[in-house]
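Heads up, the chain below is alone and in the form predicted alone; it's given as C-alpha cells.
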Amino acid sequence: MSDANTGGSEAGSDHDHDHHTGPGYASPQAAIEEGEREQLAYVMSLYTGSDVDAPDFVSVVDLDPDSETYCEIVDRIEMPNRGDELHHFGWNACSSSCHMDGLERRHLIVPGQRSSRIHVIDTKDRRNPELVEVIEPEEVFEYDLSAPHTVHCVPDGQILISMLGDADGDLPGGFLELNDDFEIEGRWEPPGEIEMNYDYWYQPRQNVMVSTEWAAPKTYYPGFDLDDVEEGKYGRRLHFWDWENGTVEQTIDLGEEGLIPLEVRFLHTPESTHGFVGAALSSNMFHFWYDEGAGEYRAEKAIDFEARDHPDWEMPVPGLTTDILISMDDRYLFGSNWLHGELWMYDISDPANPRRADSLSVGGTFGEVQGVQGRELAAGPQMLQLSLDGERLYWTTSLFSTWDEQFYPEEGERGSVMLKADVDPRNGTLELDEDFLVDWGDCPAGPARAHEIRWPDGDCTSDVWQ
C-alpha cells in the first residue's frame, strides 16, 4: 500500500474489521489478494443520438479467455424507454458497507443522463441480469433535480447520486439519496450548497467528500461550444464537504488551468487524504491533499498535457482528459486523453510528484494504432476500468452522444469498441492486447455506443473503504 498518508482532522483511525459481515473486501489489499480475475463486465451501451430507433441497454461482456464466447456480448438488458442516454452507474453496496450484515453487492443502479429515469438491475444471475425497478423522471423532478450522474453506495446501505441540474435542466445541481429499498429518500444536502456538479468521491474515515463541476445540462446536452466556456458556463472548482453533515466546508477554484474538472478519485487507502482530479478541457491533472498545518485542503497542478497542432483544426487540439483511475495498490494513476488518442500511466508513489511510466497511442486524432484486428477505430480511449490485481486495463471509446457526433461522428455510424492493455505493475509498462476486441458495431439493432465498465465483484472506480 502507498504510504501517502497525511491523516486528517476528523480521522477515525480506530476502525477495524474484526466483524466484517457485509459486502466487498475488508481493505484494498484484501481486494487485490482475494479478488478473482474478472470473468464478466457490465458496460453501459446506448443508441441515444444515433440513427437506430431502440432503447439503450446494459451489455454483459464475457472476459473469460477460456470461454467460447470470450470478447462477446453475451446478454443485453434493454431499458423500457428510448432516449435515456445511459452514462454512469454503480452498485447498491460496496466495500464501504463492510459491516452491514445481510447487504449484498447485487443491484446495479443505472441512471439515464437525459431522461433522469433511474433503473435498478438485479445481477443475482450474473450472466443474465434482469431489470426489476424503474424510478420515473417525475419522481426525481419533485426534488428539483435532474440529470443523474455518479452513483456510490453509502456505508449504511443507502445510495447517493450526483445530479447535474434542477428539474428544468438549469443550475444548481445537487445530490439525490435512495434507501436500500430503492425508494427516493430526498435530497442529501441542503439545497444551495453548490452551483455545478459532476463526479464525487468520499473518504468516510476522514469525514470528507470531494465533488467536481461540469455544467448545466442545458449547456452540455446540445454539444460543446467554446463560447459557453468564455461565458463561464463550465466549471473549474472542487468542493470539499463535511461527509456527515452534507455541507460544503471549502471550495478551491482551479483557475484557467483547471477548466472542466470531471473524474475525481481519492487514493483507496482509507487513511489517505490525497487524491487526483482530471481537468478535461485544460488537460491537466491536479493533485489535492489535506494540509494539516493550514487546516484545509490544497490543490496543485501535477501533470500537464500539451495541446497539439493538427491541420484540420483552427486551434491546437487539447488532450481532453476525460477519465482517470487509481490502481488498487495506490501506486499508479491511469487516464485517457480522448481527443489525442492517448492512454497514459503515471507512478504516484509520491503523489505530489507523479512520474510518467508509460503510454499507448491508440485511436483518436493522433493515435499511432488506428485499427485492431482490421477494425478501424472511430474515437480515442475514454472510460477506463482496471482489474483488481492491476494487470489488465480495459477501455471504451464513447464520451457523450452529442459530443461524439461533434468530434468523432463515425463513432455513431460504426459503434464503439472495448479494448484492453496488459499492464506490468512491476516495471510500469502497458502493452496493447491485439487479440482483445469487443465490437458494439455488431449489435443486432445496429451500431451502439459503449461507455462505463463495472465488474460484478467491485472495481477500482466504485469501491470505497472505511
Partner chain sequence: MSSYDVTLERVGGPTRTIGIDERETVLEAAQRAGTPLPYGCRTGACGTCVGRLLAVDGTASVDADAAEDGIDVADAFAYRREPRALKPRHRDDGYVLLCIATPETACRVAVGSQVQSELVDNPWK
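This structure is a prediction, so every number in the text was calculated from the model and none was measured. Positions refer to the first chain, counted from 1.
Another form exists, predicted together with its partner chain; not displayed. Remarks below refer to it.
Mark Asp422 yes when one of its heavy atoms lies within 4.5 Å of a heavy atom of its partner chain in the predicted bound form, and no otherwise. No, Asp422 is distant from the partner.
Contact label in the predicted bound form: Asp312 to its partner chain, heavy atom within 4.5 Å: So Asp312 counts as contacting its partner chain.
Report yes if any heavy atom of Phe436 sits within 4.5 Å of a heavy atom of its partner chain in the predicted bound form; otherwise report no. Heavy-atom contact with its partner chain at 4.5 Å: absent for Phe436.
So, Lys301 and its partner chain: in the predicted bound form, are they within 4.5 Å at any heavy atom pair? The answer is no: Lys301 has no heavy atom within 4.5 Å of its partner chain.
Hey, with its partner chain in the predicted bound form, do Glu34, Asn92 and Arg105 all fall inside the 4.5 Å heavy atom range? No, the whole trio is out of contact, none within 4.5 Å by any heavy atom.
Determine which one of 401-409, 60-68, 34-42, 423-431 lies within 4.5 Å of its partner chain in the predicted bound form, judging by heavy atom distances; exactly one does. The contacting stretch is 401-409.
Among Pro354, Gly367, Pro318, Pro129, which has at least one heavy atom within 4.5 Å of its partner chain in the predicted bound form? The residue from Pro354, Gly367, Pro318, Pro129 that makes the contact is Pro318.
Scan Arg187, Arg76, Arg375, Arg82 and let me know which has any heavy atom within 4.5 Å of its partner chain in the predicted bound form. Looking at Arg187, Arg76, Arg375, Arg82 one by one, just Arg82 meets the 4.5 Å heavy-atom criterion.
Even though the chain is shown alone, can you say which residues of 277-305 have a heavy atom within 4.5 Å of its partner chain in the predicted bound form? Just Leu281.
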